[in-house]
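Just one chain is shown here, as structure tokens, and it is the form predicted alone.
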């Protein structure tokens, strides 16, 4: 057991911060034994690591990111979704048939996640089994948590990125056998890219794999109005885009996260709520690709789980702290036109980024008993924090700070050092 002493801030519930000045967190076997304002008698004599006048907060979780698009950050931000995919994304992802290229790019990607304090990630890879294996092993090597998806698609994409259904199933099952170990930090997630790129047979097999191996699912939903119309043409029997996934067992039959949901409403919203599907809110991507503004307040009011995603490279920024800020700003734009839709508070956005998102991985994202100790130590002295409250210090770090102020990073109780390039 080890005890960490610092100024502790976290959110048990979305409406308020728990703040313990000069508090203690006891960690045993990677999990939190307790959080204390004063050291209790049963912990006398246990080693204490005193971090002094620094902030100890839960680590960040990126719930939607395309690892192979890392090199394309900040490129072609003047295009909408579908032409952006055809002209930039698919050509870049095709390069991942080369495992040397994949390892070089994926090492940089994992290092930058570490740099920004993201200890858990839900990532798309590509269709390439060997490159996907490399990414999963790099996460394991770094000691960081990840759900990594070998992408499946077989229509409306370049020939270099299309697989037969049989080949996709075989590759998935090989990775499942290798990485689907109980309590592992790195596991597979079933990943049909989106309905337009998958035939009914491919979607059906993805649903079967999720059910047979009890694996989570990730994909995209209602990101763009043109995409929604396309899905309607491809799946005319479905009542909505979400219902198309649902018909193939890919919409909450096992834990499911759907990115974007910008235009989700009506029966689709009700189906998400009924099936417990999580939304990965990606504000910068939605702006960059002219998709729109997801109604996060509506999701929270309906009891739908929400996390934040960088969505590299539709999004241009890997920092979930900045996604947190952008999420608040998007909600304020909704408020400008609808005063009945209050904008997000800081505690709500922080809770979305930590405990709400972390629930997809288990007991992650909070400093409560039994939770994994995923944490960041913030040294904010360079931000001139004199005479600010602890909450205002955290707020200033979120809005003004960067990775240089993250002094230590922990994932499941282990301090995570900078991954090697």
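From a predicted model like this one, the values you see are computed outputs, not experimental measurements. Positions refer to the first chain, counted from 1.
A second form of this protein, the form predicted in complex with guanine (GUN), is not displayed here; the remarks below concern that form.
Using a 4.5 Å heavy atom cut-off, state whether residue 289 contacts guanine (GUN) in the predicted complex.
Looking in the predicted complex, residue contacts with guanine (GUN) include residue 289, since a heavy atom lies within 4.5 Å.
According to a 4.5 angstroms non-hydrogen atom cut-off, is residue 220 in contact with guanine (GUN) in the predicted complex?
So residue 220 counts as contacting guanine (GUN).
In the predicted complex, does residue 69 have a heavy atom within 4.5 Å of guanine (GUN)?
Yes, residue 69 lies within 4.5 Å of guanine (GUN) in the predicted complex.
Would you check, heavy atoms only and a 4.5 Å threshold, whether residue 193 touches guanine (GUN) in the predicted complex?
Result yes; residue 193 sits at the interface with guanine (GUN) in the predicted complex.
So which of 299, 116, 84, 248 gets a non-hydrogen atom within 4.5 Å of guanine (GUN) in the predicted complex?
Filtering the options by heavy-atom distance leaves 84.
Could you check which residue among 264, 285, 121, 256 gets a heavy atom within 4.5 Å of guanine (GUN) in the predicted complex?
Comparing distances to guanine (GUN) in the predicted complex, the residue within 4.5 Å is 285.
Is guanine (GUN) close enough to 61, 322 and 374 in the predicted complex that each of the three has a heavy atom within 4.5 Å of it?
Spot residues vs guanine (GUN): no contact at all.
I need the one stretch from 178-186, 101-109, 85-93, 154-162 whose residues put non-hydrogen atoms within 4.5 angstroms of guanine (GUN) in the predicted complex.
Heavy-atom contact with the partner occurs in 85-93.
Along 248-263, which positions have a non-hydrogen atom within 4.5 Å of guanine (GUN) in the predicted complex?
Residue within 4.5 Å: 260, and no other.
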